[in-house]
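Coming up is one lone chain in structure tokens, specifically the form predicted alone.
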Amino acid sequence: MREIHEKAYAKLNLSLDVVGKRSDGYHDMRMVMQTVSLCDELRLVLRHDGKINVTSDVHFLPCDERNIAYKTAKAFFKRIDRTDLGVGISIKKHIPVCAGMGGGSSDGAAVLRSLNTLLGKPLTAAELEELGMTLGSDIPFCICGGTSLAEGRGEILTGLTPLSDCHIVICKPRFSVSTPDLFKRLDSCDLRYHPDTPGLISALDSQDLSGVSRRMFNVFEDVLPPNMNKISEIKSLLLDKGALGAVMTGTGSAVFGIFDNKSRAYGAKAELQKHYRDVYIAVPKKKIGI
């Protein structure tokens, strides 16, 4: 029996900008993405009966063809012309669902990495990213992770200087945010502000953690519905407890703050846990080798 254990690391948006709408209905994005240590745990067992079986410890997640891990496994076998093969995939979830942290995408990316390893690496990292793009916009980044500028729909990746050592406190409120609704709200208004992406990249190059934190910005925060004021409250609490900066990731609803002091980070986590269930501490992760 050939099996592999793989970690699927969460992603955070240090910045998120929407720079235009495309003719195919998607949007052109410009984002600085960061992999962090919070991760799901996957176990994959190769099968020789052509069947794909997915199980998860989260009862409400679909485990059939709707699951991104199932989709990526099926696409991988088709890509290498080995539809005679199958796989059993067990997922232990730690990344909160519908949080803007790429939980599903990171699981899909982990499946691609794992199957590629199990079968002797028939695909390069670039080929895995190309395949991943057909399945989800965040998957190409999640294949190798690290710190990157992501453009286009997310598939045009430029590696950046890694984020300096720090502690990252992440909090997801009990509600989720509809991604299609946020894009509709964004399309119906003129954005007042955009991230200083060049300045953020320069701060990364200088290993200026404070400079990075000050420049973190997500355009979707300007179009959040009024009933989602908890996001602003979480940001304020993080800043009050010593975060160098705080921002919503993706289309939410998770918010994170960057700390250069471990004790202050744990103090912020303890304070947030008085009000919220899903609170985590993570550290930056460097690029994953393929």
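In this text, residue numbers run from 1 along the sequence as written. Keep in mind the model is a prediction, meaning the values are calculated, not measured.
The same protein also has a form predicted in complex with a small molecule, omitted here; what follows describes it.
Contact residue in the model of the complex, chosen from 137, 197, 213, 116 - any heavy atom within 4.5 Å of the small molecule
Selected option: 137.
Only one of 27, 264, 230, 47 gets a heavy atom within 4.5 Å of the small molecule in the model of the complex. Which one?
Checked against the cut-off, the match is 27.
5, 9 and 37 - do all three of these have some heavy atom no more than 4.5 Å from the small molecule in the model of the complex?
Spot residues vs the small molecule: no contact at all.
Out of 173-181, 156-164, 199-207, 77-85, where are the residues with a heavy atom within 4.5 Å of the small molecule in the model of the complex?
Heavy-atom contact with the partner occurs in 173-181.
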